[in-house]
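Form predicted on its own, single chain, as structure tokens, below.
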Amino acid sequence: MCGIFGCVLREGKAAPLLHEALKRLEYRGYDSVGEATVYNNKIYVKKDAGKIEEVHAIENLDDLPGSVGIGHTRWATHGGPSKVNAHPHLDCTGKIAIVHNGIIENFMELKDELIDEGHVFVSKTDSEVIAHLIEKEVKSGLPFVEAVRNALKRLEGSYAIAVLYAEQPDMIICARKESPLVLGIKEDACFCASDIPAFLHLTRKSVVLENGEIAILRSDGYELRRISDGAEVHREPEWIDWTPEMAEKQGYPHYMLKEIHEQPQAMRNAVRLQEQYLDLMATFLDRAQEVFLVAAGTSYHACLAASYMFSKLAMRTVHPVIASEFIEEYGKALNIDTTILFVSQSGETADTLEALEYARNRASTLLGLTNVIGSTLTRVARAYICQQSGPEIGVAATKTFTSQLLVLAQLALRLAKKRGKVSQSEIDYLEEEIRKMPSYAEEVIARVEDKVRELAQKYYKKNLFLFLGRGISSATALEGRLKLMEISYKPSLAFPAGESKHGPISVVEEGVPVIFICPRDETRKEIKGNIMEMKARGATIILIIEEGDEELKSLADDYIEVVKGVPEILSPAIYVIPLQLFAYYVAVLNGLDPDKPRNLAKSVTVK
């Protein structure tokens, strides 16, 4: 998500180094930039919305004084892109400056408490609360390091932070919980950064900050402590031998694989939505006479899965529609009683925006789910939710898809609760399962990747694949097919398994791989019948199944086992992961670059 860089130099100006380092973090994606330095016991700040060089042309970022500073490139999640929302953020005294990457879940409660105590907030971000919390602890008489540590213990959510204090101008304090942060070590300088590329041109000695750790950086060295109890931690630097390109991908050969592995963290952020946003969206959906979910590509598949969630949980009919078909199919029927949830990773997809504008002119209620605050979708929608999955560089959507699924699941559950359609015990169970999803994803990636790589080696030369699923798994099948087709160019079909006898079965012959998505759900009896139909025609059967499903294993030529016990309505977010990995490895084995599929772009902004 956001990019952080900080430096403590024995000699020289920090500002030009901050500027250069932030340029090296541009690949992470951002909408605003800022820097702060400390000099003569005073904090100096320059920041604004826009690209680094645009802001530099106006502000001259290199002109900040001092040899200690922090910088930030922001990807908005709370508060749109603007000068006031750009980092760094200051406390009321102007003596404390912070930069932050992550999601603070309890910032609203903390902000209300601090406002009651007389603190004045100037931004709409969750991050600013950190500066004021530290200010409060400093004013209580605590030393700077202890003040930061105490403030961090009150934060719920994820963070990587770097902090300056005018009264101690020779140091930076940084810390992390879930969001990445690494240290760079030289004889006469220390650095902190979100990613190694920020300082790789300066030093190859690095220390990875672990979850729950705080670091004190000075020009002559660093000190690590645990946030929980302040105990010292000893960790020697490691030598980084990556090339700059490898460093940008954190050692992964492609962004797509890196982003598949980032899904657990992206999912953690997706379940950290503010309650009031979910309630507001659910209220609009509850009031509507008719509800549509409109999207394109991968986001449409998320909407298709969500239609099952809304039906099964909230007993609410919603219509998932491909954006390019929406006006022709439903345009004349739209009116003031229609509510439409538009789902777009970029918030700028051309077909989706055309449908959005048409519906706006028909006085329909427009809602949005996107990954980009400040996009057209967020500006036009009556209400919107940010999925908080951060920039995705690979063209093939992976982490943004699973994040959308979790946001839509939470929305369906919130609507079910509002409508009284689900018992409290079931709500409690599903809320707990949603919180477990990031851990399930972590376990699946660790468990299946080697097996998926072996399957790809076995099947990468095949020229036709068929993906089948029943119920909500039909959406998983469609997304698995799309991933394989768009990055490996393999002709692929995907259908609800019940439709296999209405056409798809005609292309099945000896050795054609047929991939079934088979969670242990109420469609089990029927999916077994579909598997047997395909076996009878010589198909090679590949199953994505729950761990320990011995009955289905006996029907498979090959199988992948995912974690046991994932609820049916959440299954696409887990069962799609082996399919993403399969598509990736098939593409690589065929000598293709999965990050740059031919004829495709990350965001389709022209019709």
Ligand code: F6R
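Note that the structure is a prediction, hence the values are computed from the model and not measured. For every residue, the number given is its place in the sequence shown, counted from 1.
Another form, the form predicted in complex with fructose -6-phosphate, is not on view; read the next lines as being about it.
Novice: Just one of S346, N106, T378, T203 has a heavy atom within 4.5 Å of fructose -6-phosphate in the model of the complex. Which one?
Specialist: The option sitting close enough to the partner is S346.
Novice: Could you check which residue among S127, S389, T73, S299 gets a heavy atom within 4.5 Å of fructose -6-phosphate in the model of the complex?
Specialist: So the residue touching fructose -6-phosphate in the model of the complex, by this definition, is S299.
Novice: Taking fructose -6-phosphate as it sits in the model of the complex, is K483 near enough to touch it, meaning that at least one heavy atom pair lies within 4.5 angstroms?
Specialist: Although fructose -6-phosphate is absent here, K483 would touch it in the model of the complex, with heavy atoms inside 4.5 Å.
Novice: Applying a 4.5 Å heavy atom distance criterion, does I173 contact fructose -6-phosphate in the model of the complex?
Specialist: The answer is no: I173 has no heavy atom within 4.5 Å of fructose -6-phosphate.
Novice: Under a 4.5 Å heavy atom criterion, is V395 part of the interface with fructose -6-phosphate in the model of the complex?
Specialist: Taking the distances in the model of the complex, the answer for V395 is yes, it comes within 4.5 Å of fructose -6-phosphate.
Novice: Of the listed stretches (177 to 185, 475 to 483, 490 to 498, 525 to 533), which one has a non-hydrogen atom within 4.5 Å of fructose -6-phosphate in the model of the complex?
Specialist: In short, 475 to 483.
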